[in-house]
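Listed next as structure tokens is one chain, alone, in the form predicted on its own.
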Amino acid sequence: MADLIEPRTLKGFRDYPPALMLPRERVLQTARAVYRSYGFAPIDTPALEYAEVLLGKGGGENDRLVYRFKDHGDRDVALRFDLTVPFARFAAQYVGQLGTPFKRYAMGPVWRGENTAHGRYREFWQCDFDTIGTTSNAADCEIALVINDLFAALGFDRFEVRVNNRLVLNGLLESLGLADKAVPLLRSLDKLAKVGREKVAEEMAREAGVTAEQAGRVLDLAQTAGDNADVLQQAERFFAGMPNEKATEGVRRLRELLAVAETAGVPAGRIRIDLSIARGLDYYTGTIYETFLSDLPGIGSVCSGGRYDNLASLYTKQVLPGVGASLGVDRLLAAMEELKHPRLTGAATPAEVLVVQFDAARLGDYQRVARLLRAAGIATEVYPEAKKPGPQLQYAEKRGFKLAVIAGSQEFAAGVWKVKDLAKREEVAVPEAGLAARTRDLLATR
């Protein structure tokens, strides 16, 4: 006999049993509902693209993380590393049919050959929403509103959406004569929270060749502290001695975003101006967003994005500015596991009710009642074997069912079904005509 193959997964990849897959589906369902409520329409793009479509769009450092290979037709292809670059290609290809502005959402796996960490995998799901075809700051403001509504709908009330604008950072670099070194400087700045000021300054000097004074000026702006009003006022004073139109416009857009969010009813403190946020991808040009869970900030941003006004220009001469954000589903689930979030129920079944099978000769009746409950919108499973109720109820409790519906010869003779609350260990006899309504009522109290 041939040697058995050891069942194992690749580093950075993971399996999802029902106890994790069910919460992930609930997260995706919630995100889909929030996105659609704002008018975003669904699209999808292939996992595999021509390498030239993907490479050079997120920066040289990101290109090294792309899974790239020759297919059977000897074509140079690569797995998508995010959903934004494929969307830019998609928009350029179909803009004549879509019209602008166009609002889309997309959900699917992406791949990056990067170092793994807590909540960071090499295959992971993103859940994007974008508006393309407008430079209006109204679209940028709406992104912040969607992020707020998304996390509220997911059951979080302690989170913070940190916002910056690349125009502020790029304006500073222009004023310092460092515009041509923006890519390495901002990539280094993006590491500030992880490695600290001193190491970032050293990397800026090493990678961009800037002086200690120049690095210090960039870091001084990035580390501006205070509430939102203070940070914006300090930014304006910072540029008073070296006026820059880009920086002025960036501050104006941030101020408008805050005003819109406040008027629209976003709770105070949910959105914070953070001038240190740079985002590592090179294609961002304006507003940028990172979202942190207040009870677990160390896991990193769980929803990030920004404005990318030039990305689609790589595929079309038509100007297609865009702005959007992406929910990191797998990182969010890792955080929910660690926080023991109530949405992670641990149930291994999507059904709420188990119909216990006493008598194989009555299988048709058990399936009939199960269909009756399903028709009332109650997910119901029938146990596949006729056996004593004890093992069936143990199965129900282990899998996470909420109720069991039971009938033996006596119940059939009386025309009733017993409904048992598995957590409370309580049961009640219900006439079949009222079974669906009573089951709904019992589930509503769980």
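None of the values given here were measured: they were computed from a predicted structure. The first residue of the shown sequence is 1; numbering continues from there. Heads up, when I say rigid core I mean the largest set of C-alphas that superpose within 1.5 Å between the two forms.
There is another form of the same protein, the form predicted together with the RNA; it is not shown, and what comes next is about it.
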Legend entry - Listed residue that, although the RNA is not shown, lies within 4.5 Å of it in the predicted bound form (heavy atoms), from 112, 89, 103, 166: 112
Inset, instruction - Name the residue from 330, 142, 130, 274 that puts a heavy atom within 4.5 Å of the RNA in the predicted bound form. - result: 330
Inset, instruction - Tell me whether 24, 234 and 343, taken together, all sit within 4.5 Å of the RNA in the predicted bound form, counting heavy atoms only. - result: no
Legend entry - Contact flag, residue 124 vs the RNA in the predicted bound form, heavy atom cut 4.5 Å: yes
Legend entry - residue 286 within 4.5 Å of the RNA in the predicted bound form, heavy atoms: no
Inset, instruction - Examine residue 191 and determine whether its closest non-hydrogen atom to the RNA in the predicted bound form is within 4.5 angstroms. - result: yes
Inset, instruction - Tell me, yes or no, whether residue 252 is in contact with the RNA in the predicted bound form, where a contact means a heavy atom of each within 4.5 Å. - result: no
Legend entry - Answer range among 392 to 400, 66 to 74, 39 to 47, 373 to 381 for contact with the RNA, defined in the predicted bound form as heavy atoms within 4.5 Å: 392 to 400
Legend entry - Residues within stretch 427 to 446 having a non-hydrogen atom within 4.5 Å of the RNA in the predicted bound form: 427
Inset, instruction - Classify residue 416 as shifted (yes) or not shifted (no) between the shown form and the other one, where shifted means its C-alpha moves by 2 Å or more with the rigid core superposed. - result: yes
Inset, instruction - Align on the rigid core first; then say whether the Cα of residue 366 has moved by at least 2 Å between the shown form and the other one. - result: yes
Inset, instruction - Determine whether the C-alpha of residue 81 shifts by 2 Å or more between the shown form and the other one once the rigid core is superposed. - result: yes
